[in-house]
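One chain is shown next in structure tokens, namely the form predicted on its own.
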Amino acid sequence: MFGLYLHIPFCEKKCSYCDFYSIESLAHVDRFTDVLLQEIDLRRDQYSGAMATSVFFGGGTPSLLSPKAIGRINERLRETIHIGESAEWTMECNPGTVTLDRLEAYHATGINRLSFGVQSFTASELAFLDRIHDADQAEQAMVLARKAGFRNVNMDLMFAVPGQTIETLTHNLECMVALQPDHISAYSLIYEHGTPLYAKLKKGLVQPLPEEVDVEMYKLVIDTLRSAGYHQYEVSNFAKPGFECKHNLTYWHAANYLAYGPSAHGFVGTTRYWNKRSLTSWMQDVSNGTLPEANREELTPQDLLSEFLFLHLRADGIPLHDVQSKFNIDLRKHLHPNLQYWIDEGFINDANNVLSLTAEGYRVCDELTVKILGTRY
């Protein structure tokens, strides 16, 4: 697997909980596309020659770029990198920013998967999260996506939002399932350091839901989506059969990915790099023919092992044969007797030479990860 990530930093309104780099001004949106094309050219030498299996436009709100701009970017990627015919091309969209004409035009450029940041179908929760759309627009976005020809659509859902109850979460789940997205990403609200929401938390202006309610809500999400035919293949992700997100699996399988745009993070070989978290600095460096990196690091063998284990664990399981071949480690032997306890307790399945989490295991994934990474190898 080999992925491409492009960070589009523009938003009409920045959500208070979001810690991804974004700006509310669209003043540089046209120049941004030209500079992004330059960075694609600059990173040509970093391309490993492997066939790319996924392209992901994240943000920010990528759907604020015009179809013409997206088309130019996609064309340059195809000219520069070997991208498979069956590759997944995802674009994140805000339900409040799409029209049928624009979605059809995006589809014509090669975008074949959409990801809508719905989060909730409850007005008070959408207001708290600073979303610019309402429930009707979320429903209409799915209708328009299908009309435009998209057969692979994700919707994001957020739970443990202050003021949310089991009843409103149940309502949100029912509304989302009724729209039949092919993939659902469900996240517990996190108070990220440096965000406006975190500042409100520190001032006592926001009260998080109790941990036990968060746990109960996560259980409701898992049980509801599994009953509706969605397979949980990662801590926060659920898909209909065959619709698992290829790009996310690239991350969780510790595979390589190139990244472009301000603040974007990439990983090639044993090197991780991240671009400057400033549109101005990023544009200046690229325009001068310089890679716009804030820093890069070389991962040690222990780093690579740790990442391989925890990333695979939180997704579709740790392949024991790969651990043996890549790191010369007999994982079953090193995890004994904890592994047998986890199996007996119903947290982990050991089948087909893969250690994978059960539904109960996903709920205690962090605890299991700490134990596994704390083991001496």
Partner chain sequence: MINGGERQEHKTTQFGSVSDQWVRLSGECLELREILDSRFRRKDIRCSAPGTRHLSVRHSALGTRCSLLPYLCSLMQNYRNFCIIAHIDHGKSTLADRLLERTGRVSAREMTMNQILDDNPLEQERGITIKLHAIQMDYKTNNGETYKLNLIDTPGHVDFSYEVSRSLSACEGALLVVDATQGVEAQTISNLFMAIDQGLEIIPVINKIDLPSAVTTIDNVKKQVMDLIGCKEEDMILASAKAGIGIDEILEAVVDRIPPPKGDPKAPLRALIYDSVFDAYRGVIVYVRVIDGTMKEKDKILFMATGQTYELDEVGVLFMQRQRTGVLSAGDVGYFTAAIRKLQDTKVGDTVTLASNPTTQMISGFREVKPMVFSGIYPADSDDFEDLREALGKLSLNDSAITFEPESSSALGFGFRCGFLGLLHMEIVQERLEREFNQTIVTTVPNVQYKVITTRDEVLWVDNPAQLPNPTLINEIQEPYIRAQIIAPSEYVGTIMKLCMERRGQMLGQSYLSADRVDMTFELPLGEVVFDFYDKLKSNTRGYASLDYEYADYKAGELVRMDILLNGEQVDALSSIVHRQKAHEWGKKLCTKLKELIPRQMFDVAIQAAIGAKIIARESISAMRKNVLAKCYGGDISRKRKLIEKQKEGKKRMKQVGKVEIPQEAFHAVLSLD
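Since we're looking at a predicted model, the values are computed, not measured. Positions refer to the first chain, counted from 1.
One more form of this protein, predicted in complex with the partner chain, exists but is not displayed; see below.
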Task: Contact test in the predicted bound form: L299 vs the partner chain, heavy atoms, 4.5 Å - done: yes
Open item on the list: Can you tell me whether W342 touches the partner chain? I mean in the predicted bound form, with a 4.5 angstroms heavy atom cut-off.
Closed with: yes
So in the predicted bound form, does N338 come within 4.5 Å of the partner chain, heavy atom to heavy atom? yes
Check: Would L373 count as a contact of the partner chain in the predicted bound form, using a 4.5 angstroms cut-off between non-hydrogen atoms?
Finding: yes
Given 134-142, 257-265, 201-209, 286-294, the stretch touching the partner chain in the predicted bound form at heavy atoms within 4.5 Å is 257-265
The partner chain in the predicted bound form has a heavy atom of only one listed residue within 4.5 Å, and of C15, V354, V364, I23 that residue is V364
Q. Do heavy atoms from each of N237, E307 and R314 fall within 4.5 Å of the partner chain in the predicted bound form?
A. yes
In sequence order, the residues of 205-225 that place a heavy atom within 4.5 Å of the partner chain in the predicted bound form are E211, E212, D214, V215, Y218
